[in-house]
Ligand code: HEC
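For reference, the chain that follows is the form predicted alone, supplied as structure tokens.
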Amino acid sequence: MFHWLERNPFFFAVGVFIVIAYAGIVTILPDFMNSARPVVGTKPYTVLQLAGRHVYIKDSCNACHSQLIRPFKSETDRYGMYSLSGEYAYDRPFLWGSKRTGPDLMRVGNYRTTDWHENHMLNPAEIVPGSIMPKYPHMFKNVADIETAYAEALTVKKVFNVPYDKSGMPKLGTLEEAKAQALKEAEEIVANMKSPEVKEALKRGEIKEIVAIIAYLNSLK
């Protein structure tokens, strides 16, 4: 067998390729699959956070901000621990981005607060001198779409087995239960905000887009 291979270099090369490819798959694939699993502590987005993520995408925040910290010292010194694939297990779609007009936001929840986001969205240049980020006053007027966020959460739960309602994970329940939970989360955020318009809206049972997007940004850690 081996003598025949030695006399047929083409088949010998094919055989070597197959052996190396098989060894590579056996070595790499298990680790790749493991790294793609959710990192310990990673949870699906709550319905309010999903609603905020929709606002983030709708207003093209991902066009100027990436959510991917690369494993370089210059990156980790500024933004924190580099990104791990398992941290994106529940992201659909991924918002890695390829352009940074503004800073990376992968871990913005670790160093920015609710009141900072409120003031920054209202007038970025006042908070960060020289900022070219536009103002977003409409977020203080528009009502967040909780029903669409709930529909997405319910879809990924059923289709992709995202572990809502499991121990330690966000509760989903019915639409009414999800709305009640979103209001509860919103109350905690609005308690740290100054806008009377947002506070009055919450008393009427309305959650403004600014509250939803802050919930989303606060979850990025």
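Residue positions are given as counts along the sequence shown, with the first one as 1. Everything numeric here is computed off the predicted structure, so don't read it as measured data.
Although it is not shown, the form predicted together with the ligand is what the next lines describe.
In the predicted bound form, the ligand lies farther than 4.5 Å from every heavy atom of Y90. A residue is said to contact a partner when one of its heavy atoms sits within 4.5 Å of a partner heavy atom; P124 meets this definition for the ligand in the predicted bound form. The closest heavy atom approach of D115 to the ligand in the predicted bound form falls within 4.5 Å. The ligand in the predicted bound form is not approached by G80, whose heavy atoms all lie more than 4.5 angstroms from it. Of the candidate stretches 146-154, 133-141, 81-89, 68-76, only 133-141 has residues whose heavy atoms lie within 4.5 Å of the ligand in the predicted bound form. No residue in the set P44, H54 and F94 has a non-hydrogen atom no more than 4.5 Å from the ligand in the predicted bound form.
Along 58-86, these residues reach a heavy atom to within 4.5 Å of the ligand in the predicted bound form: D59, S60, C61, C64, H65.
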